[in-house]
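Okay, so here's just one chain, in structure tokens, the form predicted on its own.
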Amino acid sequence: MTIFGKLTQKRSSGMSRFDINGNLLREHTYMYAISFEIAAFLLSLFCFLYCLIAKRKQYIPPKGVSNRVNDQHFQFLMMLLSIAVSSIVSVTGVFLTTLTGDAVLTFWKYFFHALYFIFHTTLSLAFGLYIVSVTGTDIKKNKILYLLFFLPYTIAEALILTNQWTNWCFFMDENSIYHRGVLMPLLYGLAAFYIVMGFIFFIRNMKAITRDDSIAVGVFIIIATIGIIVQAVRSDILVELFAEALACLVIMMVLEEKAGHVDQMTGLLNRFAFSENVRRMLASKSPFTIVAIQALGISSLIKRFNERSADQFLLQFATYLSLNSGEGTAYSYRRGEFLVLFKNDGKSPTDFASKVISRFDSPWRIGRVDVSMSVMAALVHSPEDIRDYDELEDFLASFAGYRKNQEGSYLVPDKDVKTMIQSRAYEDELQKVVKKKQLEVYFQPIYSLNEHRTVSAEALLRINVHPFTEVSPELYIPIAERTGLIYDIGLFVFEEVCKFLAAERTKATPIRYVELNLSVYQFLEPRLVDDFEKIRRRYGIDAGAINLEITETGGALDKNEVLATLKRFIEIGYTLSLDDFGTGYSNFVRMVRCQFENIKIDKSILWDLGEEKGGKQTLQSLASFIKLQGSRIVQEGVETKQQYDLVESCGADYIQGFYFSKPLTKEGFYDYLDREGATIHSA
């Protein structure tokens, strides 16, 4: 935000003093206080080195000239560098004014004047670009505006570089005395353009940045302005650059330091930095695209190796994203989940997502071992898909739990992305559905390897009402948990299970018990056990015919009140199953602390290890550990004959999956049992 003429004022006021005969009075050469210039150099140099050394990950410039010019942190470095060079050039220029000499000395005086203007002009441009970036404005989307923004800088630099032949900006007379040229006012105007543009963008887009950041930018402008005014009044006190360096220090300590939060493990910008940058862009209505990426099978990697191996993979993956994101900026959002922000809506995000998925066709080298991993990616566009940050957070929350029913890496379909984003819109509809009890319970067979027939089933919620008919339960169950509707839904499912078990047709089948999921959020209601018992007694069902399947959620099973509730269920006669076993080390601890009848090995363990060398040994080790605890093994997610044979050889007791059947309606399940029974009898 520099004003041209810093050297012009001091040279013209202090060096054009002649006697009555026109001779230069060298002995009366005007003296300048350069201590502020030296301080400006040291302060700007300190800030510059701090950014490059202490915050080096943040200040690694993106690839491409255009990307660098439009990068906020690169612009801040350019301001610091311009101040540092301008101040040292100014000090050198002041020193040269005290000397007399031949044409060579005159050349160097001219050279340092020109060099000062070149870097001082760059400081003005860097200031304007920085304010644009801080407010989240993307001027690249309007090519005409983008070109016009750089036009004053281009004109100013062209005038300075051609001044040697035109003398339009300044010139040195035969006595090496500095004089302003006829176009010097134009240079003032061109520099003022970026100051005015900076003010305009700042005022128009103040809502795009936080109050603290607004104060920091305001302080920056005030300090720099005070320096300009002081130097205008006292041209012998060279304080302008020092004020600008001090203003940059304020920005670095407040805005740059906060915007530069870096994830210590991956070295990428973290979740806080992502939030700040996206909120700015949303507030300024700048279009952008986010590529959300989640590494799959991290838990399996930990099981097979250790936490350190998982960290090594994530570091490699983060480095890959950083090096290959091109115009995008990579962020570490959650463990194993990365976001890459593109400030455009062109082909780059789509091409990048495809490239990431293709990378997982090849193994990753972890230590001395090649490991096959999988990844899922999704594209979110603004303003087409999201309009505010709450919608984006809804998507990211759903994305974390999303899994497509397929092996390998994949791109999440656009329709599923839109569904995840619209999760808030589903809340009202879900309220109506639950109130009207427009819910259904499906049953998925659980096959006994010992008895070679179906002996149990898992009760699963389904909603066959628009807009939930094409929505996976993995998307609306989290909504129910977040809104508290899960408790009423749980009571409905429990009652439907009791009705099913009490039916005479069920009693004529080999079904001994039914499993139903119990969300840990239901434990927040202290009357849970009493409400279940009222329903069970009403239908006269034995408690042992109901198996409560506990799904791990955020460590809730470690809480004393949850364990106390589980103990009450066990004392009454209910049995328990632990679902999703193998998705975290803490599961081992919980399994030992709770008395689980069944342990369900998560399907991701089977899918991730089934094709790997050593996968069988891993499953056998898990099975041995489970049986040592006195629990039976249920392997879920079995979809192929190969998986069936693998699970059987590893010692599983029960199998559940599409290999036998998808979830069925009650009537469909009865038909399935009839067909299975007929097959057994005919054999």
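One-based numbering along the sequence shown. Treat the numbers as computed from the prediction; the structure is a model and nothing was measured.
The next section is about a form of this same protein that is not shown, the form predicted together with a small molecule.
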Looking at 462, 537, 335, 204 here, can you tell me which has any non-hydrogen atom within 4.5 angstroms of the small molecule in the predicted complex? 462
Though the small molecule is not shown, can you say which of 378, 546, 134, 518 has a heavy atom within 4.5 Å of it in the predicted complex? 518
In the predicted complex, which of the stretches 161-169, 519-527, 126-134, 566-574 has residues with heavy atoms within 4.5 Å of the small molecule? 519-527
Contact of residue 633 with the small molecule in the predicted complex (heavy atom, 4.5 Å): no
Give a yes/no on whether residue 651 approaches the small molecule to within 4.5 Å in the predicted complex, heavy atoms considered. no
Check residue 607 for me: does it contact the small molecule in the predicted complex (non-hydrogen atoms, 4.5 angstroms)? yes
Does at least one non-hydrogen atom of residue 348 fall within 4.5 angstroms of the small molecule in the predicted complex? no
